[in-house]
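In structure tokens, the next block holds one chain alone, the form predicted alone.
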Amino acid sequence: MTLDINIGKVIKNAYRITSTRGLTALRVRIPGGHLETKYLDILKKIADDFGNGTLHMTTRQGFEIPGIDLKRIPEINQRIGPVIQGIEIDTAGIDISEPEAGYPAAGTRNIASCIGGRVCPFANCDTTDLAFKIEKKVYPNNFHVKIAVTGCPNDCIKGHLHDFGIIGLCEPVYDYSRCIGCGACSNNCRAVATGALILKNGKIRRDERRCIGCGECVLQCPTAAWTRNPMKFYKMVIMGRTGKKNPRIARPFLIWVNESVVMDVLTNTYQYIDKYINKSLPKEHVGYIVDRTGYPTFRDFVLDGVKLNPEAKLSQHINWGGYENASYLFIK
């Protein structure tokens, strides 16, 4: 039996082509890995009625519903409509005119995030809120881009393996009058971070060049001599990836930038991709486009028209590293 299926349309509709002929799997977007439990009832019903009764939790904090007959996609799109309405339209504020037609694009992957400041004491920002803001900024889009948000330099979401890792930073503010010179902050900074704090003559000095904005000093201080600057800052690491072709971790691009800069850079990145993507390929990962054009071209393009806040710092050059730039000696 021949299936009259438009494969390109199926993939764009967020369905996966699977190893079993005639069967597909629906990719369900959960921005920030955060959803109301009422939507689980809808996903369970789809999995039971149309799939094989299972849900697969993806590495990008979404769900895949496997075992779906390709011919039943229109019915499933109707069923998934309330999830799209509730998450993408009502919560993220995305303009999707026909949620009952399913997801309008799949190229830009689900925005992943750690649990963030709503729960974790180490987090320097509300990662869930930022993930939804980014979702609104970049989705729907067919360009292949992976973005993750993490609340602190611990990077629990592994932002260094994404095209863009957005890392929440704490600028610690020191109150000299409250410091008792106990050394709790400097000892901890030296043990678990970068040793940016030095105890001298009973008081603390902070080396701004070595401070990575983790906020450990704030958590350790017994007298609240250290507090978080209420202004939110971020570090952007870029073009990390796994895969067959030169895997590598992301490298620092911008540090101590505000949310506005993050959003503007992401917006400009999609324009950069549109200009430089190899249109002869079915898809091209943004990291390979940067490899092809060179970092200076990417840097200048995505920063065009972006007003950096006074605290921001920019990497003028990046050494990507990766397998291709390393030598290995294997012994048989």
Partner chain sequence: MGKSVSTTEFNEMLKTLAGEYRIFAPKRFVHHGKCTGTDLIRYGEVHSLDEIEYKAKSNFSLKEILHPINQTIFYFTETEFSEPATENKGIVIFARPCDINGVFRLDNIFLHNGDEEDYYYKKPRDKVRFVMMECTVGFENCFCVSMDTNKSDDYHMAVRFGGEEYLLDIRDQFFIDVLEGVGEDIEFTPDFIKRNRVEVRLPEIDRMPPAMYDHEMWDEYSTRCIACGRCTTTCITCSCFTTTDIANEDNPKQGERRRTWASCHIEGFTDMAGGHGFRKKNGEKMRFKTLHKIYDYNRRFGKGPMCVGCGRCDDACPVYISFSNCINKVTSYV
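Residue numbers count along the first chain shown, from 1. Treat the numbers as computed from the prediction; the structure is a model and nothing was measured.
Keep in mind that the form predicted together with its partner chain is missing from the display, and what follows is about it.
- In the predicted complex, every residue of the candidate spot (C179, V218 and T223) has a heavy atom lying within 4.5 Å of its partner chain.
- Checking 120-128, 72-80, 238-246, 133-141 against its partner chain in the predicted complex, the stretch whose residues place heavy atoms within 4.5 Å of it is 120-128.
- In the predicted complex, S260 stays away from its partner chain, with no heavy atom inside 4.5 Å.
- Within this chain, R210 is remote from the site of its partner chain in the predicted complex, having no heavy atom within 4.5 Å.
- Though the partner is left out of this view, R206 does not reach within 4.5 Å of its partner chain in the predicted complex, counting heavy atoms only.
- The closest heavy atom approach of T227 to its partner chain in the predicted complex falls within 4.5 Å.
- Checking Q85, T194, N154, N187 against its partner chain in the predicted complex, a heavy atom within 4.5 Å turns up for just one residue: N187.
- For the residues K232, R251, K158, K146, the 4.5 Å heavy atom test against its partner chain in the predicted complex is passed only by K232.
- Contacts between stretch 47-76 and its partner chain, counted in the predicted complex as any heavy atom lying within 4.5 Å, involve no residue at all.
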